[in-house]
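Okay, here we've got a single chain as structure tokens, the form predicted on its own, with questions on binding and movement later.
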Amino acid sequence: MNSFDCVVIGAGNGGLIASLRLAKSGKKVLLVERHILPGGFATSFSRGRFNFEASLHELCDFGHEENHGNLYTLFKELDLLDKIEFVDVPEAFRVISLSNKEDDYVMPFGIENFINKMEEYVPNSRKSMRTFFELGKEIQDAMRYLNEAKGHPDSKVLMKKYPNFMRVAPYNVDPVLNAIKMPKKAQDILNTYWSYLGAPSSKLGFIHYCIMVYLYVSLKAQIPTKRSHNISMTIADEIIKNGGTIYYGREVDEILIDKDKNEVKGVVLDDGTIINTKHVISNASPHSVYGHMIKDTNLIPKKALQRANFSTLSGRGFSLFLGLNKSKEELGLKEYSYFIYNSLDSNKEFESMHNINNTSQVVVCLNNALPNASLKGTTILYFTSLFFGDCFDKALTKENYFELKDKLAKNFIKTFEKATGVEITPYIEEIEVATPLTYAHYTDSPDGTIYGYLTADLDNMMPRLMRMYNEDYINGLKFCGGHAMRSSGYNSSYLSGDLAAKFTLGDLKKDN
């Protein structure tokens, strides 16, 4: 019987980082990945003469040596920085409203630049915008303190050093922006990034959104020159170099639980191989683990099931990947990222995404950050949208799947052309369409969700982070990735993997 200090399920972003942290700490770690390559969402694929990025738009907690975020620090600790090349994204975003042609705004990076541009678009917004970014800085400092406190913060320290953090912590985005008297139009522009967290401003925790926007604007955003698959392969190589083991094309069929001790005792692979271990970190979701990998449901504590059922699945992904046989200059595509909404009201947009005919979208022109991302005279565009609830299931049948994909793709393309005034249809050389079924098939994400569990109300990031020290329902079982404590996204998934590994290292010390 093979024995490992820890088995990591899934080589997505979280699983990769967790495995590398454990391997660099001298632990015997096994990473099991059902595909033949690492990465999960963090991968790329080729169609014709185009190489497409599967999911990454940008990293917003990275930065540069002189002004960097948590992800930069993590990559530096794990000796990854000099192995991956990054470039800055040119602008923060362009947002366009389909219902009002005048609502078309391009926002820059840099806090002062952002505030000045907002004042240009929305006179008398400067004071409230400055307050917002000051709150972002205080939240960042408070979060750093909470991480150092490891679940045992001193309330007096919090109140004294971070009073505004404590004031805004219980609230969602809308009431705080109203309280600092931010004009509605400025709120709508500022809230452009709500869809990247998958929850509208009325449900999204202010702390989560504020720190994301603060880091994004102040640190700029970066992407790897060789796509996110380069990150995944680099981390996988480092795992092996540091003594870790990776099984590709294999699956964990079962997690074995010691009934008397309520602790992990091993895993069973899909070929029947038994791996002895007391520690498992799952990049697969709790829904997958409790629904499929623990065969005897009587061994799952009631609190674990209650916690999993408390969470709601977030948006289900629908994406287009276009290879165009014209350059971005010939097409007139000047920006990197385009947010195209029916209106700029995030709450209305959230409701509209429960309708199969909704065409709200985020579109990235990769060549505006990486001019050589495709051959000379060509352009790559990525379209991403979300469907909430069961609207996709209701529209889908076995017979109409391909017809539905084609119809939705055409509608999204027409919407982009209408919003930007840029014609792209005649120049499409390659097109690939990914539906919720595609994401469910390739990543085992429940119902094809691409943002994990909905970060809304009582299941926002802050409650998750405060609970994570008390959620060892089965001893030795930890979660990382998009469905874990830090929510979804590349940054959060990497950092959650590191957290899960550090918790496991603490448990391994206790074992000894």
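The first residue of the sequence shown is number 1, and the count goes up from there. For clarity, every value in this text was computed on a predicted model and none was experimentally measured.
What comes next is about the form predicted together with a small molecule, which does not appear here.
Shown here without its partner, the chain carries V32, S55 and G481, all of which come within 4.5 Å of the small molecule in the predicted complex through at least one heavy atom. Note that among 62 to 70, 34 to 42, 468 to 476, 453 to 461, the stretch whose heavy atoms approach the small molecule to within 4.5 Å in the predicted complex is 34 to 42.
Checking Y439, Y209, F388, F75 against the small molecule in the predicted complex, a heavy atom within 4.5 Å turns up for just one residue: Y439. Though the small molecule is absent from this view, in the predicted complex it lies within 4.5 Å of a heavy atom of just one residue from V252, L324, L219, M118, which is V252.
For the chain shown alone, T504 is not a contact residue for the small molecule in the predicted complex, no non-hydrogen atom being within 4.5 angstroms. The closest non-hydrogen atom of M293 lies within 4.5 Å of the small molecule in the predicted complex. At a distance threshold of 4.5 angstroms between non-hydrogen atoms, D444 is in contact with the small molecule in the predicted complex.
Contact check for T415: every heavy atom lies farther than 4.5 Å from the small molecule in the predicted complex.
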